[in-house]
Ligand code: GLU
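Shown next as structure tokens: one chain only, the form predicted on its own.
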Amino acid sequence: MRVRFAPSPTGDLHFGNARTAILNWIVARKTEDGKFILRIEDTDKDRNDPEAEKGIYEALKWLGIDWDEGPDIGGPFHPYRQSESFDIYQKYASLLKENGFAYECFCTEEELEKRKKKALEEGRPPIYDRKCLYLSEEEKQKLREQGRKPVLRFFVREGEVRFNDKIKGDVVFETKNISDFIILRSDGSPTYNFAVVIDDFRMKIDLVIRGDDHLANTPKQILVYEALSKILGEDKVKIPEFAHIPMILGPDRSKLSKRHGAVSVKRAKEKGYLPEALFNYLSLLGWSSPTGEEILSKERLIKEVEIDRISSAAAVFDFTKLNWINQEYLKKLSDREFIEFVWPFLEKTGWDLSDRKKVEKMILLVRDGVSFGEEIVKYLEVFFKEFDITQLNDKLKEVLDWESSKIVIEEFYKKLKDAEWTKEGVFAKIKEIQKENKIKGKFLYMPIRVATTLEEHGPDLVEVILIFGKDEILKRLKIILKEYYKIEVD
């Protein structure tokens, strides 16, 4: 089975394109002779970015996707970059023209727009009226002498185009609604619907898996295949099968975009998602394992994913589920691996990390709550922010204003001074307060947390206190007692 992934190098690899690449790769890896071809569609000179092409390679490799043929490694159907294939497109365009399947069109954009507007006003479909189809050679020459450069249009036959999509099922398009489309621009460059057919044909692609935003392009491409078949012979031209994957929607059910958050592979990597987790999650969009399991290895996915089992309904991107899946993969890391993974995110903060042993304790204390690398910063901020009681918000003040809070904090300050500085020692002092004052639950622990961290929630309270150290905790308690409760203590 030969499949291909053919991105345009115009920006970072979006999650939608990444899912398409993943599904193509999975299909190719199902059999020993399967081939995954990487092709770069870079005919849009104005939008192409060499750095974006480099970024595509990096993103795919990071996800663990390898390819058997491509621009960087070659293959039997070189070139694999459209900008290097213009001579090939010219050759097939000439074949179509010589055999009556394409014709030159000299109409200007202004003329076409004017006729389109008139058609709409008269209630007719705004398709090309074939004005240039019947031009004589003399008329064409005169237009050339006027400086007009023609485009090459494909002649769309009458009838319908029917194909069976592996996801959408039977699909039918009436050709009366399809305009004679341009296959070569006036500068000789190919359009998408022509170049993609020539490339898929010469690269012997068996199955085209792509987003369903391309569904309307498919009948045009099949028409080109049919024309080539009549010219070259049915035994020489094979129309591939098609599978159009539903688009990915954001949580608000609009098209997934940057405003929804990190939606490119590069940004996901920067935020601290693991490649295995992102690969796993994107594979699940619109599909689920018969076992109901969601943490699936590449080997499992290769075995279980079937294209015709993908839902035809749009998939909604669930960042909560992605975070959960990523967290499950993070849990598989050893403590040392986890520390090394999140350390670069801490380095970006500018915090003092010189006491590495102490910072590592902090990391391991919060690791179970971290769902992606960048989140470590949020969890450790409590250890590095300035202790400033002007930061107390209404919720924190409410805790400090509970009737028993002042007693708890004052008692904790007094008892902590001679406490053994171990988890057992500090916890014993808290239990003494509970027993002596009949205060328990949140009324016991929350005032201590607020008074020591200026936070309402967080990791294990005693562990946090131990990391700060006795002198720092006593200092903080003293500030709260003096500045908030107006209590002087020694």
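Keep in mind that this is a model prediction, so the values were computed, not measured. So that there is no doubt, residue numbering starts at 1 and follows the sequence shown.
Separately, the form predicted in complex with the named molecule exists; it is not shown, and the next lines address it.
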- Does I376 reach the named molecule in the predicted complex, with heavy atoms at most 4.5 Å apart? no
- Query: Could you tell me if R367 has a non-hydrogen atom within 4.5 Å of the named molecule in the predicted complex?
  - Reply: no
- Is E41 close enough to the named molecule in the predicted complex to count, meaning some heavy atom within 4.5 Å? yes
- in the predicted complex, does R157 have a heavy atom within 4.5 Å of the named molecule? no
- Query: Only one of K298, R153, K406, R210 has a non-hydrogen atom within 4.5 angstroms of the named molecule in the predicted complex; which is it?
  - Reply: R210
- Work out which of V342, V265, V196, I183 lies within 4.5 Å of the named molecule in the predicted complex, going by heavy atoms. V196
- Task: Tell me the stretch among 129-137, 334-342, 304-312, 188-196 that has any heavy atom within 4.5 angstroms of the named molecule in the predicted complex.
- Result: 188-196
- Query: Out of 90-105, which residues reach within 4.5 Å of the named molecule in the predicted complex, heavy atoms considered?
  - Reply: none
